[in-house]
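First, one chain by itself in structure tokens, the form predicted on its own.
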Amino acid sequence: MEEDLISKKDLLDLTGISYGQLYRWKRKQLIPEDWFIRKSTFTGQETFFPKKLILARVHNILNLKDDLSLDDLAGKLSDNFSFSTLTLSAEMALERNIVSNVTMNKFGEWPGVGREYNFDQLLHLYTVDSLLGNGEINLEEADLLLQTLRLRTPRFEGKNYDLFFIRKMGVSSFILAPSPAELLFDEGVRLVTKVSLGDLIEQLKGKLT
């Protein structure tokens, strides 16, 4: 299962940004160096990007660049420490459209934390809410997903990882794997959806900045 990439040309066409903007943002460290992926094509060497990550990052930059300098923006988007020390109330999570009322009412009670959430807890709720909102999981599966994220994500700290949601004979399962990962399933297993947690992290950062 290959990583979903977008070419530099398609990125510029899709977002409306210029070549100069893209490389200025790179110099300002708004876009990580390792997102610029050089690959051989039939026309020679071309630059590609992780599609969902770069589109989410460009969206965040365009939304925030009028309010912050590029240097301040680079700090906001790349400073993982500032997000790791963040806490947000249930009311603020609802106000910023991080979670819906349905998700908050059903899954917002977090053992030992009351109604204040750190970044990882917000990410878990945001992930559940995204899949519920897309109609890809039901409430019972949402509960299983939340348990999986709570138990398994600490081992991926500082790493990119993907979430795979599969069903076989009516039984639902969630798998977390380092990104990029190639998973081969038994016959009869249906991949319902694959979610890049790095992509959701970018989206969540945008809502919190």
Partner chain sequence: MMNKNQLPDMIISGVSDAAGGSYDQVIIDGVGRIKGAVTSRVFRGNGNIHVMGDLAAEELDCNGTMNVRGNISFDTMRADGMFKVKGALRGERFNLNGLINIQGNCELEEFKGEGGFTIDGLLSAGHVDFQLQGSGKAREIGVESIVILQANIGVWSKLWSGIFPTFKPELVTGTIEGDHINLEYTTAEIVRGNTVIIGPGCKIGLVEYRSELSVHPASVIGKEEKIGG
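Positions refer to the first chain, counted from 1. Small disclaimer: the values here were computed from a predicted structure and weren't measured.
Quick note: we don't show the form predicted together with its partner chain, though the next part is all about it.
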Can you tell me whether residue 39 touches its partner chain? I mean in the predicted bound form, with a 4.5 angstroms heavy atom cut-off. no
Can you check whether residue 19 is within 4.5 Å of its partner chain in the predicted bound form, heavy atom basis? yes
Contact flag, residue 46 vs its partner chain in the predicted bound form, heavy atom cut 4.5 Å: yes
Partner proximity in the predicted bound form: residue 24 to its partner chain, non-hydrogen atom cutoff 4.5 Å: yes
Only one of 55-63, 168-176, 146-154, 27-35 has heavy atoms within 4.5 Å of its partner chain in the predicted bound form; I'd like to know which. 27-35
